[in-house]
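Encoded as structure tokens, the following chain is the form predicted alone, with no partner shown.
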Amino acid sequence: MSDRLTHAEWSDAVEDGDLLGQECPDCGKVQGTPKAACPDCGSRGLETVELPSEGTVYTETTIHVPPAPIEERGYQVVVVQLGDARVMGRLTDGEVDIGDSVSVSGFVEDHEGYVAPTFAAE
């Protein structure tokens, strides 16, 4: 695994059902998506780490007015605490509240080809 996590590597891992993050060796913060530098201390020496596939809902919201071209309404988006990192994704079925346990269930791809993880309630 390279030291510099690219968005393509992160997306490929999501498509394979894995979540990668970056840990800052200087301050110890862990990010759930690729960054050029640590947002907490500015270090550029970020190291790629594997994130757990199970976590708890940190916050959630239900989208009733989605951005174009999404036509589906009433879907839930969650920010999940996975170890020391937080990752945003879409809930695949059911409903969850803050503090509920969820696990990675797959991914969604938007009209531009960008992927995001999906989560399911446990």
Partner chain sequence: MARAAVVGAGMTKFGVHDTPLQELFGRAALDAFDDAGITPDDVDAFYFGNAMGGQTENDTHLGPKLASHVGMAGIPVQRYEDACATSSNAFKNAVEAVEAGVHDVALVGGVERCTPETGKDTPEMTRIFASASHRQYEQPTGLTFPGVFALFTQRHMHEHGTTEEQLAHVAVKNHGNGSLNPNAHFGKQTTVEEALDAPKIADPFRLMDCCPFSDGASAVVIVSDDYADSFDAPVDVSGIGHATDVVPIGDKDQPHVTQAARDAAAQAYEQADTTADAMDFAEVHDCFTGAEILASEALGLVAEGEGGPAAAEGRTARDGDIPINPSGGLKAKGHPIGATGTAQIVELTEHLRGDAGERQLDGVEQGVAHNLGGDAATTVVTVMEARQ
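Positions refer to the first chain, counted from 1. It should be emphasised that the depicted structure is a prediction, and the values quoted were computed from it without experimental measurement.
The discussion below concerns the form predicted together with the partner chain, not included here.
The three residues P34, A68 and R90 all sit with a heavy atom within 4.5 Å of the partner chain in the predicted bound form. Though the partner is left out of this view, A121 does not reach within 4.5 Å of the partner chain in the predicted bound form, counting heavy atoms only.
Shown alone here, D110 lies within 4.5 Å of the partner chain in the predicted bound form, counting heavy atoms only. The shortest heavy atom separation between V77 and the partner chain in the predicted bound form is within 4.5 Å. Although the partner is absent here, C27 is not a contact residue: none of its heavy atoms lies within 4.5 angstroms of the partner chain in the predicted bound form.
With contact defined as any non-hydrogen atom lying within 4.5 angstroms of the partner chain in the predicted bound form, the contacting residues in 6 to 21 are H7, W10, given in sequence order.
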